[in-house]
Ligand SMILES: C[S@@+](CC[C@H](N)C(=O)[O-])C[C@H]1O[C@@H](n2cnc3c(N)ncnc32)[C@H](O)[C@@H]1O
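The form predicted on its own is given below as one chain in structure tokens.
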Amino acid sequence: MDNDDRARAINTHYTPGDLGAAILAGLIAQGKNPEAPALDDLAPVDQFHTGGKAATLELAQLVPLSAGTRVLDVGGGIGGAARLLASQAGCAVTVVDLTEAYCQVGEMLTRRTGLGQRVTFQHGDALALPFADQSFDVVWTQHATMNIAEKARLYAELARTLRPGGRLAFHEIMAGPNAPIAFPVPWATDQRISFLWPPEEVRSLLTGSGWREQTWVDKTAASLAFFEERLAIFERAAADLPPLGLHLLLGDRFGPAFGNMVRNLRKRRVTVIQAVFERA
């Protein structure tokens, strides 16, 4: 699959109808103001990663963020993490995502939350970032690298855009010792756009190319608990899902994808790692 085919497949996977309209309708159904939603109003749908809002806040505690910090959120989707970081720390966050619909919805939601001066969106490829060298103080990824096969090229590109001494912070799904995984999963319906490396290979790639490890934590057990809880809620309310939730992002794939995530985590087919590295 060449880059154009990969981009088309990923855009197709992550574009389940008119997402923006569905989110606004969900806000109205919950009695929220769609013109000026609070971040907590959007949290059920805009934190599309294991652990949700809590995982974003936990990772943020591991990196220095302030009003002067320039953050690049790679694969940041509709911008839930970016808006949370900008509101909590006052930092400037640039989201880059390969899915054009996500960028469009993210811009709309960011404008309505009043964070348009701090959070911006750029439609683009993580393997060819449209930014100058050393443009950022922190590069951030949460559940973005699973769709990228060329890991060495990815981390080299992230290093290029990061200033010396800057941080790479990530919370990512990786291959477990008992791969292969069962599909569908939230990031792929089949193996064509799923590229998981074992954690030790990612760690070796980073340390071997000059990154200095600051922290490395296996979050697999916590991730399993998260998916078990979400799946139980879905199964209890399958006929009457809430107006806002991750099912808006996955459509009919939500139940099967979350069910497979529970099975994949239980059987150690996948693992989840939280880490911070410093650029040399």
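Counting begins at 1, following the sequence as shown. The model shown is predicted, which means the values in this text are computed figures rather than measured ones.
What comes next is about the form predicted together with this ligand, which does not appear here.
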(request) Within 4.5 Å of this ligand in the predicted bound form, counting heavy atoms only, one of 210 to 218, 251 to 259, 225 to 233, 39 to 47 shows up; tell me which. (result) 39 to 47
(request) Considering only heavy atoms, tell me if G124 and this ligand come within 4.5 Å of each other in the predicted bound form. (result) yes
(message) Contact with this ligand in the predicted bound form for N147, defined as at least one heavy atom pair within 4.5 Å: yes or no?
(response) yes
(request) Would you please decide whether L98 lies within 4.5 angstroms of this ligand in the predicted bound form, comparing each non-hydrogen atom pair? (result) yes
(request) Decide whether G75 counts as a contact residue for this ligand in the predicted bound form under a heavy atom distance cut-off of 4.5 Å. (result) yes
